[in-house]
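In structure tokens, one chain follows: the form predicted alone.
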Amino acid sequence: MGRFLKTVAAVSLAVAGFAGVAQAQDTIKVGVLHSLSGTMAISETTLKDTVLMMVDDLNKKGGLLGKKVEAVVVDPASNWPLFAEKARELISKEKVSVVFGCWTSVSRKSVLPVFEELNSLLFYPVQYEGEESSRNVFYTGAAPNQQAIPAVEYLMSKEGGEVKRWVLAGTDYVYPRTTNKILESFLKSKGVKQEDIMINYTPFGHSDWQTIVADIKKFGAAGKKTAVVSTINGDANVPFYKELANAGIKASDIPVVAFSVGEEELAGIDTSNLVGHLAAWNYFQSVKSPVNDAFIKQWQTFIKSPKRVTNDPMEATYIGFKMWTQAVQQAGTADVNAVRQAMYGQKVRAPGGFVSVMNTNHHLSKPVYIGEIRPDGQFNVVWKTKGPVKADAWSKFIPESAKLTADWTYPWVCGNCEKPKFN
């Protein structure tokens, strides 16, 4: 009897184990690595919901490779070292096939060694400073030549007001500092003198803007047309724009062009005094296209609110998720190495009304839009490129980067090699 009971127990455990393996094999897990608390929650929570919307839509259509897709959500809480810990948890413990996540570059830099060590894939959906190319990251947000450089070129033009003096205002971390290094070099290449460039950095969550805004106002009173190029990130934007209004700074006097302020951030601000200020993105909700109409409807239906807005990082998340599912279908597996190879050349008709292409440098080709803030918190597009712009992983305005190239196709496979010379 004892041997019989032991045999029954062993069989039961084996069956339970087999059922667990079968269940795992019937599910493809997707990691979601976005701050749902802390200073970046104002921007990142929406991207978590965007991934959940995409997963829900995919499952309603039968899943992926005949399997259900499951989103595994974690909250790194705007804590940069915690991002790495949560990334390792998703990859090693939860066994996710891919991760969609991060907003700030410091969070991306934190997780990068984890993804490279464990050979997993991260889809990063936010504009960033470039100067990076990893075989384990697909960058679906804008590189500097798809946002920062075109925005400054626009402001320099007659159409943009022929700006002569520049305030580079940013949050104190890698994205603003590197972007401003690129912009400072670009401005000087256009003949702008050092005394006509003012650079200022503030910590995450900064709230006391009175002195800084007063300095900006004084800097702009020198008799030359002045603009603010803002790489201020997160909830610090709310008091910054409020102080601009308090100081009576209008867009006609000192326009602000922002790289991290979109429809979601403006939804929490009284925009009546911000009309005319600018933002540079690759997508605006106000862009007219059938794909965008469907995207907005899908989002508002999923989130159960006709008032919720869409924005650029949401579109970048949408593009990345679509491309990943297409690559999985093409490869016939969610295996990282197979999917990575299948990603090159993937195309998605984006809500912004264009076809986005994934290049072998792990960056997208996409158009650039300059939008002007409206009273309702939306944007009027005042300028756009003629078509998609291919992202540069390495900036030609940084001497040590200008000689580098990124190409992850076999047999070249390199993200930071010097460009080959041909006779």
Partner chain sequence: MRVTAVAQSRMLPVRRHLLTRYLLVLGFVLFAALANPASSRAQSLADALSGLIGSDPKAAATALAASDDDKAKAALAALMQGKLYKRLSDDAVVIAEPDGDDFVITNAATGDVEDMLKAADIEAIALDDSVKAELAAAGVSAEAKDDTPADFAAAVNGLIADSFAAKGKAIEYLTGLSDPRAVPVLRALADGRLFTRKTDGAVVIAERSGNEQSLLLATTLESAGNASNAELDPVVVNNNLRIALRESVARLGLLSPDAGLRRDAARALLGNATPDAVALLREIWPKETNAAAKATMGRALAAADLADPATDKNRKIAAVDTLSGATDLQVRSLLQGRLAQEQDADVKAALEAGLKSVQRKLSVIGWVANLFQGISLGSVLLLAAIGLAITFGVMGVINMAHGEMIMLGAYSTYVVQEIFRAFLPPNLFDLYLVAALPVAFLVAATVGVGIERGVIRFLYGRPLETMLATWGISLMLQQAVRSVFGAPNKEVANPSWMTGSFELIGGFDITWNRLIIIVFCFLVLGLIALILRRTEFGLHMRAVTQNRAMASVMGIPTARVDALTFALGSGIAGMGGVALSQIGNVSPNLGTIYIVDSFLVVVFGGVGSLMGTLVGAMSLGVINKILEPVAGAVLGKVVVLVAIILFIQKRPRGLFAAKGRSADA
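The shown structure was predicted, so the numbers you read here are calculated from the model rather than taken from an experiment. Positions refer to the first chain, counted from 1.
The same protein also has a form predicted together with the partner chain, omitted here; what follows describes it.
The partner is not drawn, yet in the predicted bound form one stretch among 180 to 188, 131 to 139, 214 to 222, 331 to 339 has residues with heavy atoms inside 4.5 Å of the partner chain: 214 to 222. Against the partner chain in the predicted bound form, the set Asn59, Lys68 and Glu94 makes no contact: no member has a heavy atom within 4.5 Å. Contact annotation for Leu36: at least one heavy atom lies within 4.5 Å of the partner chain in the predicted bound form. The partner chain in the predicted bound form is approached by Thr45, whose closest heavy atom lies within 4.5 angstroms of it. Taking the partner from the other structure, the partner chain in the predicted bound form has a heavy atom within 4.5 Å of a heavy atom of Leu278. Under a 4.5 angstroms non-hydrogen atom cutoff, the partner chain in the predicted bound form has Ala251 among its neighbouring residues.
Between the options Thr301, Ser289, Gln210, Asn119, the residue in contact with the partner chain in the predicted bound form by a heavy atom within 4.5 angstroms is Gln210. In summary, among the residues Pro306, Pro203, Gly345, Pro81, the only one with a non-hydrogen atom within 4.5 Å of the partner chain in the predicted bound form is Pro203.
Interface residues of 226 to 259, taken as those with a heavy atom within 4.5 Å of the partner chain in the predicted bound form (partner not displayed): Asp235, Val238, Pro239, Lys242, Glu243, Asn246, Ala247, Ala251, Ser252, Asp253, Pro255, in sequence order.
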